[in-house]
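To begin, one chain is listed below as C-alpha cells, in the form predicted alone.
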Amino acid sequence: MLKRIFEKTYQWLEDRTGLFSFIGHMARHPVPSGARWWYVFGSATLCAFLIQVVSGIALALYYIPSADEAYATLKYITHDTAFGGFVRALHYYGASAMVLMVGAHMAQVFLQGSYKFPREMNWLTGVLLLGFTLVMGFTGQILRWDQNAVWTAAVAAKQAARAPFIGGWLSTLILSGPTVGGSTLSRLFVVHVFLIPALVFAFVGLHLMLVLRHGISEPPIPGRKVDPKTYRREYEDSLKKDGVPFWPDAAWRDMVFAAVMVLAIVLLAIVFGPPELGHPPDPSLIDANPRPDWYLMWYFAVLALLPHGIEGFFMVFAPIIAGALLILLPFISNHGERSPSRRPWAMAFVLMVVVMIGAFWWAGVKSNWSPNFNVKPLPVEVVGAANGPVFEGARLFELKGCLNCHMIKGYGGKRGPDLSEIGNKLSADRMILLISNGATNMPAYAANLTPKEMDELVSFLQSRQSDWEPPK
C-alpha cells in the first residue's frame, strides 16, 4: 500500500516537474576518470555554505538586529538556549571552512589551468563567489556587536574614508550614516543575511550550470596544450574513451571529503566553542583593540604596516588591481599548457601568495603596532629608584599611557621605539620638544603635563642609559 502511494506520488511529481530525471541527468553526467582528490574542494565549499545557511537560520530565529538588543540576544543564544553556543560555534567554524575551501578550490583551478578555454566564465563566477564569501565573513563579525565589532566597523569606515575621491561615500555606505549606530547594524544585517546569501545561491547555480555545460576539466598532462579550435572535440573523445558517471564513480570522494570537513567543524565547535563575546559596545571607551577574524587578519596587517600616507591609495587601488588581474586572467591566458610542471610561474605565484598571507597573518596575530593595554607596571629594579624625580617620572610614564606603546627593559608595548636606552640617544631639550609637540602616531602632551611633571618625565627618560646608576 505504502509502496504504491510512493510510486504514484513519484510519478506525479516527475510528470509535472521532471525534477527527478533532471537530478538523475546531473548526477550521471560523465567526468574524466582522472578527476580524483584534487577535485573535491568545490563541493566542499558548497557543503560549508549549506552549513552556514542552516546554522544562520537557527541564529536568526533569536537574533534581534537592534543596537540596544543585539549583544543581549547573542548572550542569551550562547548561554540560555539549548545548543545555542554550539550553533554559534558551528556558524563560526563553518565560515572558516568556507573561506579555506574556496581558496583551495581557486588555487587548484589556477594551478591546473582549468580557467582556460572554454571555462572562462566558470573562473569569473568563482572570483565573485570568493568576494562574496569574504564580505559575508566580515559582516558576520560585525553582527556580534560587542566592543570589538563596533570598533571594527568604525575602523573599517575610517580607513575607507581615507580613500581618494570616493572615501566619504564608502564610509557612509559602511556605517549607513556619519557614525556607528543602530542603522549600521541594520544595514549590515540585511547584507549578511539576505543580500550576500542570495548572491551566493544565484552564482553557485550559475557556476554549476557552467560546469555541466563545459564539463569538469580533465587532469592536465604535460605537453597537451589547450587549442580553442580543437579542444571541445578532444574533450568529448576523451570522455567517450575513459569517462565515468559523476555518481557514484566520482561523487564518493566529494562525499568522503565533505564528511571529514563537517566532522572537523563539529569537533572544533564542541572543543573550542563559539567566538568569545567582548565587552558590551561602548564607543566612549578607547582601550579597544579591534581586529578582524583570522581569514582577514593578513589584510589587517598589510594596512597597519604600510608606510604612512599611502594607505588610502592602497585600499582603493590594490583590490581594484587584484580584481582586474583575476578577471582578465582567463582572457589573456586561455590556451596553451595546463600542467603545473610546465607552468612554474603559476606554482611560484601560488607559493608566494601562501607565504605572504601566512607571514602577514602572523604579523597580524602579534600586532606589535597596536598599543598594549594590559602592560605590567615597571618594577622598582627596572625604574632604578623608589622615590624622587626618576620614580615620579616612571609613574607618569605609565599613567599617561606611554608604557602602552614603548618598551622599557622588556616591559610595555611595541608600537613605538624601545626606550630602554633613550638617554644615550637624546638630550633633555630634544626629549621635551618631542613630548610637547608629539610625532607620527604619537600625541602631543604639552597641554597634558605641568612643568614639574615634564621635568620628572624627562628625568626618568634621561636615566634610561646603559651605564646609568641611581643616585646614592
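The term rigid core refers to the most C-alpha atoms you can superpose between the two forms while keeping them within 1.5 Å. Quick caveat: nothing in here was measured; it's all calculated off a predicted structure. One-based numbering along the sequence shown.
The form predicted in complex with heme C (HEC) exists for this protein as well; it is not shown, and the discussion that follows is about that form.
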_Answer range among 26-34, 424-432, 43-51, 61-69 for contact with heme C (HEC), defined in the predicted bound form as heavy atoms within 4.5 Å_ = 424-432
_I'd like to check something about Gly416: if you look in the predicted bound form, is any of its heavy atoms closer than or equal to 4.5 Å to a heavy atom of heme C (HEC)?_
yes
_heme C (HEC) contact in the predicted bound form: Trp38, any heavy atom under 4.5 Å_ = no
*4.5 Å heavy atom contact, Gly401 and heme C (HEC) in the predicted bound form*: yes
*Any of the heavy atoms of Trp123 lying within 4.5 Å of heme C (HEC) in the predicted bound form?*
no
*Counting only heavy atoms and a 4.5 Å cut-off, does heme C (HEC) in the predicted bound form sit next to every one of His406, Tyr445 and Leu457?*
yes
*Shift of Lys425 between this form and the one not shown at or above 2 Å (CA, core fit)*: yes
*Threshold 2 Å Cα movement between this form and the one not shown at Ser43, rigid core reference*: no
*Asn437: Cα shift of 2 Å or greater between this form and the one not shown (core-aligned)*: yes
*asked:* in the predicted bound form, the Cα separation between Met356 and Asp418 changes by 3 Å or more relative to the shown form; did it shrink or grow?
replied: farther
